[in-house]
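Just the one chain here, the form predicted on its own, laid out as C-alpha cells.
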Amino acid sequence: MDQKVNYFEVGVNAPIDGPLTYVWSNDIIPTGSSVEVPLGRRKVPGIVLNSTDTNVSSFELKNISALIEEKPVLSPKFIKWCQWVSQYYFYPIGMVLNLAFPPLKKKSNRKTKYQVIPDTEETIAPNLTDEQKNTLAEIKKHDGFNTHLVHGVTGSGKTEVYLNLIADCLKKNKSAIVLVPEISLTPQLLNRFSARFKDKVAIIHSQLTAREKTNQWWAAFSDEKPILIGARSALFCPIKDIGLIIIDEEHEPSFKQEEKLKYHARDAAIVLAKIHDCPIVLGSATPSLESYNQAKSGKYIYHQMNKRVHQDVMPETFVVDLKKERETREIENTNHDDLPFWLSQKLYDQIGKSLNANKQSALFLNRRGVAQIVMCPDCGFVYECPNCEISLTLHRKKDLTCHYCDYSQVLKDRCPSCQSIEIKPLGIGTEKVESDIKKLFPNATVARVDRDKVSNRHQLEEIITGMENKSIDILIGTQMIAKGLDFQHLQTVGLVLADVAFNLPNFRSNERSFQLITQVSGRAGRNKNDPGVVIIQAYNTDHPSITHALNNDFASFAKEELQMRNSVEFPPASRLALIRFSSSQLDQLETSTTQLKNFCDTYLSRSESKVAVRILGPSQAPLYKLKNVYRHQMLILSPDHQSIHHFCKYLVQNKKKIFSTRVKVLVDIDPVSMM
C-alpha cells in the first residue's frame, strides 16, 4: 500500500511574497505548526498555513525537512491576523509570522539581572469620578467588537478606566493587551498595574534582554499572566483568548514602525480585536485626526472626559513671544547678559519660584545636542555629514555628530573653508539648555532625558524615581517626557521653543505640534492643591497649534485642520501610501524614476482601469541622501483603500520592469513620516 502524501502551504521566513508548497509523507501537521523547509541551498523556518491531499503544482515539490515541536502551534485567529498584516502592509507572510516567537528557547536556568515586574504593594481601587463611571458604563453597554475612542483631557483619569475594564475582562477568564507608545511610559504604568493586579502582569518591549523577553512572552502566551503591557511589538505575542485591547496615547507616531514591516500598531490592533470579537479602547487627550474623524462619523464610539480627577482647573498657561522678548532686551539695554537667548524672563522667574517653593520644573525641547548647525559667518561654510545631506549636530563642546548614520568628527577652531576663527554654533538643543540651567541655578539638581543621555530602561527608571521622590529639581528633555508621565510635584512646565516642528515637510506637522504642546502642558499641576504653570515660548505665537492649545480647545483645532485636509484631499479625507525607492547609484535611481513616471502615466491613462488614484511625484525625498544612499519617493492618494492597494499591488508585480536591480523599493501604507 502506497504511503499517503500530504501537501502543505508554508509561510517561509524569507522575502517571498506568498506561501510555498511542500510535501510531508508522515502524519498530518496541524495548521500553525513550525517547520523547517529547504529553500535553495539552505534550510529556513516556516509556519504551516494549510494542507491538502492534492498536488496543485506542475513541478516536483520538496519535502518538509523537520517539524519544530519546541515552538507552540499558532492559533487560526492569530494566523488570520498575520495574513491581513502581510497583505495590507505588503510584507512577506512568513516574515510576519516569524515575529510571533520569542528570541530564545523556553527553558533556561539563567536568572535575569533585574526584576522586570516591580514588587509593589497592592492597592485598592479609588472611588471613580462621575465622568469615569459614565465612560465605563457606556463602554460596557456594547458587546463584542467595537472601537471606542476615550478623549480625556490630561489628568482626567483614563488609566483608571482602563484598570476597571481589565478587571472585568479577567472576570471573564480572558486576556487583555495594553499598548503604550514607548518604554518611557511603562515604569509608572507598570507600577500602577502591578499594584492593582499583582502577579497577573507581563511586559514586552525592546529594552528587555533576550531572556527577559522570552520569559515574559511565555508568561503571557501560557495565560500565566493574562495582562500584557508593551510597546507595539507586544501585539505579535500570539495570545489565544483576547478579551480586551487598549491603546494608550493612540495619537503617538511611535505606534508606526518605520523599518522593515511598516505596520501601524493601532490600526493592526483594531483588526486583531475584530478577529477576536472583543472591544478595543483608544485613549488620548489629543486624538489623531484619523481616529477623531472616525468617531465623529459614527464608526468609532466616542467618549469624552473634560475634567481632571482632582480639580476642575487646568494649569495656568502663558505664551511668550521670543521676538518681542529680544526686542525688549535690546531697547531697554538692561543687564540681561545672565539670561541665554532661549530663556525668557518669565520662564526664568517661574523656575525660581518653583525652586523656592520646593516644587519641580520641566523644560521641553524636541532637539538634542548643543546646536543644530555650526556655521562660518564669513564664508557660509556649514559642517555637513559626508554620508547624509544634513548638517552635523554639535554635542558637548567639540563633537559634531550625524543623528542618522552616527558619523562624527571634531569641531576645529578655524573654518575648514576660509580659516576664519569666527565659526560658531547656531540653534539650541537639550544639552545646551542643561548647561545654561546649571549655571543659572547652581544649587538645583538637574537631569536630562534624551536619546543621548538615556540609553536603557534602568537609566529612565532612575530619573522617573528621582522625579517621584523629589531628588530632581529640574528635568530637561525631548518628547520622551511629553508622553503620559504623572509627577505630583511638577509645578512648572516650559516649552523652550514650541515652534520647532511647525515647518517640517509633513502635512501632519500642525497636528503633531498641537499634540506635543498640549501633552507637555498636561504634565503640570497633577497635584490637586497646585494647578501648575505652563509657559510656551515661541517666535510664531499666532500659530493655530499654539492658540488652540492655549485655550485647550481640541474641537476648534480639529475642525480647522480637518477643513484644510479636506481642501487638499489628504488624510483623513483620503487614504495614502508612500512609495520610497533608493540606491547608492544615483544614475540607476534617476533612470528608474523616469521609468516609474512612464509607468504611472500609462496606468492612469488606461480606460479599463477605472481606478481613482492621485499620484504626487516621483521626486526627491526631503532627506535626499542618507548613509550614502539617494532617496526618491512618490505619494498615492485615493478616497478608498482598495484603489490604493490595487495600484501598489500592480506596481510591486511590475517592479522588475520599472526598477533597476540596484534600486530598493519600499511600500509604506498609511505613512506617518514623510522624510
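Please read all numbers here as calculations on a predicted model, not as lab measurements. Residue positions are given as counts along the sequence shown, with the first one as 1.
Another form exists, predicted together with a small molecule; not displayed. Remarks below refer to it.
Only one of 379-387, 236-244, 152-160, 83-91 lies within 4.5 Å of the small molecule in the predicted bound form by heavy atoms, and it is 152-160. For the residues Gln304, Asn98, Gln372, Thr129, the 4.5 Å heavy atom test against the small molecule in the predicted bound form is passed only by Thr129. Checked against the small molecule in the predicted bound form, the residues Leu355, Val271, Leu460, Val309 give one hit for a heavy atom within 4.5 Å, which is Val309. Using a 4.5 angstroms threshold between heavy atoms, Lys597 stays clear of the small molecule in the predicted bound form. For Lys174, no non-hydrogen atom is located within 4.5 Å of the small molecule in the predicted bound form, even though that partner is not displayed. The closest heavy atom approach of Arg580 to the small molecule in the predicted bound form falls outside 4.5 Å. Among heavy atoms of Arg192, some come within 4.5 Å of the small molecule in the predicted bound form.
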